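Presented as structure tokens, the chain that follows is alone, the form predicted alone.
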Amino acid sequence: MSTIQRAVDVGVFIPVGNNGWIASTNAPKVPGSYEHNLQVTLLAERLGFDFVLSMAKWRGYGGPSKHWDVTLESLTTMAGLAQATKTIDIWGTVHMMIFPPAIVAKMVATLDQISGGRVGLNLVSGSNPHDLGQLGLWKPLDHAGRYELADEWIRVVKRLWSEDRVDHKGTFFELNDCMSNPKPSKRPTIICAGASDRGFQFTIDNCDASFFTASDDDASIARGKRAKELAVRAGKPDFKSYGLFMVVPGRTDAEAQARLDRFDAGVDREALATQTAEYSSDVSAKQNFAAQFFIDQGARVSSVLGGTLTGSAESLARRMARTIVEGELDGVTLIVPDFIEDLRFMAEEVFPRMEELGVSTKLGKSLETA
């Protein structure tokens, strides 16, 4: 029995894009539809998950699998899910480059009313030139410029959530006697996945939590510790870090590996090549952690994201718990191949096993029939 006990939140990165996160013609049938995401979210709520998060994606990668060619818009999806749920937190994503801050301030205040205060916001400083460029909304800013825009953007939003009238004339935005009512009932949770030095600093200065990809490796543990160290230096001891884990579970390690092998057997090379080309075309690709992550997936010709964990319930519990405890994580965001059966398996078989490894969650405790 571990002497360390970390109570962590657990959320689901819901599949608002077809195929989920598996670029393969052998991927499970994930349609990227609202009805499916509603089913996933209601299940997650019944199982005891703390939050659901949806990505913002505007253009897919094609190929035989038509990977992410069908995607739901994040905030409108979360509005529907907020109305349909009672307890689970609802976190949407916005690209700050394309959404004016005053528009999002009011949208999130509206979501706050719909959800009864359960709304959160994931901030993204960029994407790739093709994803947003097709909309005519890509701004040719370098890495530093994007975070200058992001700093100004979130300052404006927070002022609109707290002040009666806002005058602002900055580098990127101008507001004249701007009124934004209603105000949120409480400050919405704000997270960001910026992982560069500048991205981490933006996140710590302006957000409640850092959100980054994680596995059972030393780099993931170091990333979690780094977030906490920077937060302490900034005088924010309550700052949280959330690891994004993609897992392929099975009843045995061999079964889990066989599932991954099947996904890789149908890997969509064309979609991955498009994904790599789009992110590589960004002038700041080398400073963009997310870009490098997707470029690396293309280089490995892998159907799944880098660091994906495979294994039985025992193996997954042990591997994830190591990173959570040693990396001092406060939460986990989960990606699975099948967002119904695999979600049940993780909630009922994997996370309860982490108790004896020093990780405490709400999952597996007095579960309703799901």
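Please read all numbers here as calculations on a predicted model, not as lab measurements. A residue's number is simply how far along the shown sequence it sits, counting from 1.
Not on display, but discussed next: the form predicted together with a small molecule.
Of the candidate stretches 174-182, 247-255, 81-89, 282-290, only 282-290 contains residues with a heavy atom within 4.5 Å of the small molecule in the predicted bound form. Annotated contacts: Thr93, Ser125 and Ser196 all touch the small molecule in the predicted bound form [non-hydrogen atom within 4.5 angstroms]. In summary, among the residues Tyr147, Trp153, Phe263, Trp161, the only one with a non-hydrogen atom within 4.5 Å of the small molecule in the predicted bound form is Tyr147. Note on contacts: among Arg259, Arg118, Lys228, His143, the single residue with a heavy atom within 4.5 Å of the small molecule in the predicted bound form is His143.
Contact annotation for Thr213: at least one heavy atom lies within 4.5 Å of the small molecule in the predicted bound form.
Heavy atoms of Ala56 reach within 4.5 Å of the small molecule in the predicted bound form, making it an interface residue.
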